[in-house]
Ligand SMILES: Nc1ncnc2c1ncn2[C@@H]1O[C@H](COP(=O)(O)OP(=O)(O)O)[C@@H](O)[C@H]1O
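For reference, the chain that follows is the form predicted alone, supplied as structure tokens.
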Amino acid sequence: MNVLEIANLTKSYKGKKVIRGISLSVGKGKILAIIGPSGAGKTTLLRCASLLEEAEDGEITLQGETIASSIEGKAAYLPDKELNKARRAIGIVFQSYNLFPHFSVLKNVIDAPLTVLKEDKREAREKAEKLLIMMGLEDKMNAYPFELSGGQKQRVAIARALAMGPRVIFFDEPTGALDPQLTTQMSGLMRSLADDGISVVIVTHEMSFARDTADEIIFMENGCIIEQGEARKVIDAPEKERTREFIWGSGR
């Protein structure tokens, strides 16, 4: 079963096409990595796929429900109430983490379950504590974001995303603030999420991380998919000349 399906997605900014008819799918418990040069449209694709932005045209299906349909060359989305409900199946971990600076670590994690999902406070707290322990942050629950390292902030952001019970999580450059040891740990964490049936979509510039973590890789340039396939095959033996130029030029 595909948790997320996108067909013929397009997006423009100020009259310039940034996404050009992209189609992709992500299966349950699968990890998809999106790579490509700066300006390829990777982050825009992530923002449209995660429903942070509306596409210009195309179709988006989430857990079998059609979120956006192409009608007369324009994407028609569900009404806001239904769209907001659909968003609850999506988790997003931003490159900047977007933690609330005036909230403790624990409050950062329980805030959305309390305010959005209307969960019982005790249950929300117990779930948050379990997630923070899973992230190795049991001694940081009462700390504030300014007291944390980049890697710790990222793990708080992941715990916050998981607290909403998502079926797919999007990561924007997840290894940007991590040293090699933490990068390896992040890869293992993503694999464990996938093993639990959560689908993962990663935008990354780290070729080795993409190869070792993802099931499938998409290489993008100029808003188009140039090549896609099994992760190790795309990185180690790409079929397209442009893919080879990019990967070998990046030093893998």
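What you see is a predicted model; the values in this text were computed from it and never measured. The numbering used is simple: start at 1 and walk along the sequence shown.
What comes next is about the form predicted together with the named molecule, which does not appear here.
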Among 40, 225, 62, 186, just one has a heavy atom within 4.5 Å of the named molecule in the predicted complex, namely 40
In the predicted complex, which of the stretches 54-62, 205-213, 31-39, 191-199 has residues with heavy atoms within 4.5 Å of the named molecule? 31-39
So in the predicted complex, is the named molecule close enough to residue 70 to count as touching (4.5 Å, heavy atoms)? no
Whether residue 18 contacts the named molecule in the predicted complex should be assessed with a 4.5 Å heavy atom distance threshold; does it? yes
Partner proximity in the predicted complex: residue 50 to the named molecule, non-hydrogen atom cutoff 4.5 Å: no
Given a 4.5 Å distance limit between heavy atoms, list every residue of 2-17 close to the named molecule in the predicted complex, or none if there are none. 13, 14, 16
